[in-house]
Every structure is written in C-alpha cells, then in structure tokens.
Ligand SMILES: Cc1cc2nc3c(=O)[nH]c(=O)nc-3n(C[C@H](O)[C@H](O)[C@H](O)COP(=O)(O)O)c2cc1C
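Presented below, as structure tokens, is a lone chain in the form predicted on its own.
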C-alpha cells in the first residue's frame, strides 16, 4: 500500500466515505507527497494522514513535509525511533506507531508523542514485523493490548493484518480494538493507484505466501501464484540503485540481490512478470474491484 498504491484518490475516497484515509509515502519524492496531500484535501473534508516507513532513506524529508502541511495524523512503521514522535507532538500532529510485538508495545508506552498504535500481524501484506510471520491478528492482538493496558496507554489501538470484511471488523472490535486497518481490500478498489494488471493478479490469486525474498532481510507476504508459480527473478545487471532504504542487500552489493523498489514498481506499472505483488492473507477471498465507498458501506452497514 505504501508504494504508490494508496495515493490521494484512494485516501480522499476513504475519508469522504467516513473512514480514515492514508497516503502511502514510500517511493514518493517530498514534493510529490506534498502534492498528494493537497490534492486529497481538495477532494474531501474528511481525515487524511500519511504512512511513512522509518526504514526509508528519505524518511526525515517526508516527515518534514507532513509537519509543514499539518496532516491529520502520521503513522510510522518499518522501524522505530523516539525523535519523529517528539517532532509530531511539538507540531500537535497525532503520531501512530505500527507495532508487532509486546516489546514494541512497552516501548510505545514510554515514548512521548505516540497518540495511538496499529497492531499489525503476520497476515498483513508486504514486509512483516512479527518474529513469527504466520501469527494472526487474533493471536497477536490480545497480549499486545494487555501490555498497553497494563502500562495505562490511553490512545486508540488499531487491529491490522488479515482483515477483509465486516465480520472481521466486528470480531476485532469485540476483541478490544478501537478500529481496524485494511490494506488489500482497499488496494483492490477503483480509486487505488495500482495498475489494472496488479488488480487482476489480486483477483486471480488463490491465496498468499510468506517468502524470505526481500533484500531487506525481512519476511514478506505476496500473492499465490506469481507468474509460472514462483516469485519473479528481477535482474540485478544494470539495475540502478535508488538508495531508497537505509539498509538493503541490493544497496550493499547489487550483484547479490535485486532492487525491491523496482520489483514493486514493475507491478505498479503493469509488469507483473518482472514484479512483486504483495497481499494480505485474505486476498483469495476477494474477487471484485468495488469503489472505496462501497467497501466502506459493506464495513459499516453490511450492505
């Protein structure tokens, strides 16, 4: 969702339908992020924030844009540091930490500026934070929530990873979540900036799989099957390094790995054969491409 999938059109559509819209900032130059924030604001009066990956090399510049534009909130994942949340607190912007463990919950409770947390399980799409990449939200959420409550954390706690429909949402709320975050379901909407080929790949996917394919060193979850039933092999010969990540095997030695950025952008541009299609665990249960408003209606009213 954070690599050119959830941009202004999708974030604004979700916000306009009563949800919380999120612009994924990874792989966006600072000026393009600024343009997306302003475009989203021109399309809705609803809540629109930004997700930034701390692992990205342009993190500080993107965070600066969010503060300058006074976005409604900033969610930070793929790494942790106290400094960014302090800056958000000083700017009076709610900061959400994306966490995947009890240890991270304890740390979040001791960090000024964290307004809320997103508990993301191993059934989420893309790069995975939990040590056990197969842990579900139903297994991960209760102990994390218990730790947060034990330490008197008073902010909202959001459940994420492997959620697809109203039944999942109600179950998460019954478990104690204050809200839910859905990635794959909204990536598969009309307003999503994913290519038509990428949306078709999600529609035809039979499920998801965890692979240790990423040069980041983290497990990731993608569709089943990929072309020819296997993950794509992205050539390293002549591949430009964009230095988009602080730590990356391709950046360290381009002859030993592929460029994860290029693999994701290939799919975004429609070249699934040479790309990578991340997805959550419930992708096999979704076959349509509705509008974001229709997804919101299904979640909130069941219609």
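Positions refer to the first chain, counted from 1. Keep in mind the model is a prediction, meaning the values are calculated, not measured.
Just so it is clear, the following notes concern the form predicted together with this ligand, a form of the same protein that is not shown.
Chemist: Indicate whether this ligand has at least one heavy atom within 4.5 Å of a heavy atom of residue 123 in the model of the complex.
Modeler: Residue-level check for residue 123: yes, a contact with this ligand.
Chemist: At the 4.5 Å heavy atom threshold, is residue 21 in contact with this ligand in the model of the complex?
Modeler: Residue-level check for residue 21: no, no contact with this ligand.
Chemist: Using the partner position in the model of the complex, report whether residue 108 sits within 4.5 Å of this ligand, counting heavy atoms only.
Modeler: No, residue 108 is distant from the partner.
Chemist: Heavy atoms within 4.5 Å of this ligand in the model of the complex: does residue 202 have any?
Modeler: The answer is yes: residue 202 has a heavy atom within 4.5 Å of this ligand.
Chemist: Looking at 155 to 163, 100 to 108, 210 to 218, 130 to 138, which lies within 4.5 angstroms of this ligand in the model of the complex, counting heavy atoms?
Modeler: Stretch 155 to 163 is the one.
Chemist: Looking at 114, 223, 74, 182, which has any heavy atom no more than 4.5 Å from this ligand in the model of the complex?
Modeler: Contact check passes for 182.
Chemist: Have a look at 53, 40, 263, 63 for me and say which one sits with a heavy atom within 4.5 Å of this ligand in the model of the complex.
Modeler: None of the others qualify; the residue that does is 53.
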